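Form predicted alone, single chain, as structure tokens, below.
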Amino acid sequence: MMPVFKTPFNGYSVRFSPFYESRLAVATAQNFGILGNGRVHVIDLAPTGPVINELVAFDTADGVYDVAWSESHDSVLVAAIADGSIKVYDTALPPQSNPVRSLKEHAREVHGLDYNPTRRDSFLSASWDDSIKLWTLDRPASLRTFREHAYCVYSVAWNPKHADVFASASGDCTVRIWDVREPGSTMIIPGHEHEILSCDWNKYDECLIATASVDKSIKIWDVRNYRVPVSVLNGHGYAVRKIKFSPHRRNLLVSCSYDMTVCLWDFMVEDALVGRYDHHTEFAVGVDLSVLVDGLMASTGWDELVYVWQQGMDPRAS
């Protein structure tokens, strides 16, 4: 049987720890993110059976839309809050000492976060105020703000090989590639005709990036020649909310959608859809793949459930 964890609020994001193979963080928001509280759950898979234990939970006055683990401190995570702030939590400290910091610069909801996996000292925030900000934990103010997108920025992703390069996905229907050493974006990919909700870099080919859109499709792009996508993945029935490339297999990526499913794709084969999981009963909005355990997956959604399962297994199977 695969473990499942019930959250009091609607799930928004789930992330595996880069340090502990059994640990995850979950972002949740009350009332589907509209006017209400939020909570960050840090959970552990029990070593002996299909049980998930809560290590600690942090309550917020506003919904939490995303979480990201620090790549340098095993107990630290950052949370994207609906009031425009980013809260920093340390699970090694008592709950009353948390959050250890609140970074408030964005004028609207913070929707996405990504910690730099190569430099490990900085992270990015994406906001509905159309901007992206670069932060380090040792400074109270952001190092830089990136303003070019014409609408909400939903997702940011660092390139896994180039420490200064990242991508951003926006409701303005573009993905932009940035280099923090350059004054503006270095590339604009008009990827879809509808809002782009998520983007992620391939972990084995630093030139490949995937985009997910309200148009129900996922597209794979080569930044060296982005006039035509390398691949277009169709199969979701509604908007594709989040995508993640596999840390273990070059051609594999996972997606989740408002059609309530989690899909697994091999973008290099003709029948690209290699797995479909329909365990959620509401919008599936959060998905992740473990860096430490090959094939270990997690998802969360508006049905207030977090599932953790091994690729190829049924998340609900006993």
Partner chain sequence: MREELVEMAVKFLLNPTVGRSPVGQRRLFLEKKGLTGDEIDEAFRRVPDSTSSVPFRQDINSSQGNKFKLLACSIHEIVFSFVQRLLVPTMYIVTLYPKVSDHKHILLDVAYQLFKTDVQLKSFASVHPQGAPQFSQPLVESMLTVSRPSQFSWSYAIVSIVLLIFSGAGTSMLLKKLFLPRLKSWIHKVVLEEDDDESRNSKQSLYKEAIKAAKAAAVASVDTAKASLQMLQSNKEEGRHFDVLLRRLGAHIAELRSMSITLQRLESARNASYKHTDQYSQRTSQNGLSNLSKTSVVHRDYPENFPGQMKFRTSGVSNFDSSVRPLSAPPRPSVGQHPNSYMEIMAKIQRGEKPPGIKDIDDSPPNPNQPLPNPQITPRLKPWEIARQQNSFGHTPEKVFSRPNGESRQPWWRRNNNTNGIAEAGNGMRGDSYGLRTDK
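These numbers were taken from a predicted model, which means no experiment stands behind them. Residue numbers count along the first chain shown, from 1.
Omitted here: the form predicted in complex with the partner chain. The next part is about that form.
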The partner chain in the predicted bound form: contacted by all of I43, D164 and P190, heavy atom 4.5 Å: no
N225, heavy atom within 4.5 angstroms of the partner chain in the predicted bound form: no
Interface membership of T145, the partner chain in the predicted bound form, 4.5 Å heavy atom rule: no
L296 within 4.5 Å of the partner chain in the predicted bound form, heavy atoms: yes
V274: touches the partner chain in the predicted bound form, heavy atom cutoff 4.5 angstroms: yes
In the predicted bound form, segment of 96-104, 225-233, 175-183, 126-134 with a heavy atom within 4.5 Å of the partner chain: 96-104
Residues within stretch 279-312 having a non-hydrogen atom within 4.5 Å of the partner chain in the predicted bound form: T281, E282, F283, V291, L292, V293, D294, L296, W302, E304, V308, Q310, Q311, G312
